[in-house]
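This document starts with one chain, in the form predicted on its own, laid out as C-alpha cells.
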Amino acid sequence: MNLLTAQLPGRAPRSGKGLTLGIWRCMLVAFVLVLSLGFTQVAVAQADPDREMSSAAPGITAEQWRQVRSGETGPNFRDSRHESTYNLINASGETWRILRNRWVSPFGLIAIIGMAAVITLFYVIVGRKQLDEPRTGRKLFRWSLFMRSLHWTVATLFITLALTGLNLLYGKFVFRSLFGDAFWGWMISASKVLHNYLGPIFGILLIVLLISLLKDNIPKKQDWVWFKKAGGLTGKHHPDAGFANGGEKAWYWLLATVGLVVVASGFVLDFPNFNQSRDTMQWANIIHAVGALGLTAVALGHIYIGTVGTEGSLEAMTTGYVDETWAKEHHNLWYEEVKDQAITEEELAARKSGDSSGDISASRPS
C-alpha cells in the first residue's frame, strides 16, 4: 500500500502535497519554539553577565587530587545529591577531559578538514563527473514527494546539528576571539539549545528514513565489484548497480550503525534523569563526539557526490525524476527494470499540471 494514499475508513484521502505541507509546518513550529528557547536562555544569561565569574571555582591543588584518588575527601568535596558516592572533584572527569581535549577534538578536526581538502583537490584535478552520453530528455521516476521531503528534513537537521556541534567543540577558539564575549555568549547558548532540542527530532526521523530505505540497501554481489572499480572512477565502464549503488549502501549502513550510536548516546546526554552515572555520561559524550565527527567528515563526500560532483544526481532529490541517460550509466540494473516507464518532458509537465501530486502516484517496480 502506498503510504501517502492510505486512509482510514470513512475519511477522505489526503493528498501527498497536503501531507508534506503538514510535515513542514510541524517542523517549522518546532524550530520556532526551539529558537525561542534559545533567545530566552540568552536573555537570562545576559541579565547577569558576572554570574559565571562569581561562581567559578579556584584551581585544584595537587594535594586535593591526591585526596580524591586516595578516597580521603571529606563532605566538602562530595556531590550533594541523595545517596551520591561521587566526588565533585574526580579522577574520571580528568580522564574524560584528556580524551576530549587531546584526542577527540584535534583528530576530529583533522578528519573534517582533511576530507574537505581531499574533495577540493579531487574537484580541481578531476572535475565534475559528466554524463558519457547526451541526455535523452526522457524521465524516469525515482523519488516520491514524501521521500524527498523526509530526506531534505533529515539532511537539514543533520547539517544544523553538525554546525552547532562543531561550534560547541571548536567555536570558542574562533568566534570568541573574533567577536568578543557578548556575541560568543549568544552564539554558544543558541547552539546548545538547538543541538539539544533538534537532536531527538533528528533521531526519530532518521529511524523513519532508514526503515523506508532498507529494502533498497540490502548488500549484493555487484556492490563489491562497484567498490573495486571505485564507483566507475577506474576502468572504461560504469560498474553494475541497482536502485542503490555500493557507495549509497555504504552511507546507508554507516548511518544505520554509527548514526544510531550517535543518536543513542545523544539521548543519554539529553535526558540525564534516568539515573545515569557520571561515568556513563562522560563515556556517552566521548562516543557521541567521535561518531558525530566521523559522520560529518564522511557526509562531506556524500554531499559533494550528490550535488556538484556528479551531473544529474541532484535532480533526483529535487524533482523526483532522473534522465534516462543518468539512470542507464549510474544504475543500469535498475534502469533495465523501469525503462519501459520512461516519459517525455512534455508528458511529465502535463502530468504535473493535471495533478498537483502527480509524481506521488507513480510507483517503481519492487
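Residue numbers run from 1 along the displayed sequence. Here the structure is a predicted model, which is why all the values come from computation and not from measurement.
Not pictured, yet referred to below: the form predicted in complex with a small molecule.
> Can you confirm whether T136, V338 and A342, the three residues that make up this candidate site, all sit within 4.5 Å of the small molecule in the predicted complex, judged by heavy atoms?
No.
> Heavy atoms within 4.5 Å of the small molecule in the predicted complex: does K192 have any?
K192: contacts the small molecule in the predicted complex.
> Would you classify D270 as touching the small molecule in the predicted complex, given a 4.5 Å non-hydrogen atom cut-off?
Heavy-atom contact with the small molecule at 4.5 Å: present for D270.
> In the predicted complex, is there a heavy atom of the small molecule that lies within 4.5 Å of any heavy atom of N245, even though the partner is absent here?
No, N245 stays farther than 4.5 Å from the small molecule in the predicted complex.
> So, K249 and the small molecule: in the predicted complex, are they within 4.5 Å at any heavy atom pair?
Answer no; every heavy atom of K249 is more than 4.5 Å from the small molecule in the predicted complex.
> Please name which of the stretches 137-145, 160-168, 118-126, 177-185 has residues with heavy atoms lying within 4.5 Å of the small molecule in the predicted complex.
After filtering at 4.5 Å, what remains is 160-168.
> Which listed residue (R100, R278, H151, K220) meets the criterion of a heavy atom within 4.5 Å of the small molecule in the predicted complex?
By the 4.5 Å criterion, the partner-contacting residue is R100.
> The small molecule isn't shown here, but in the predicted complex which of S212, S92, N285, T156 has a heavy atom within 4.5 Å of it?
Of the listed residues, the single hit is N285.
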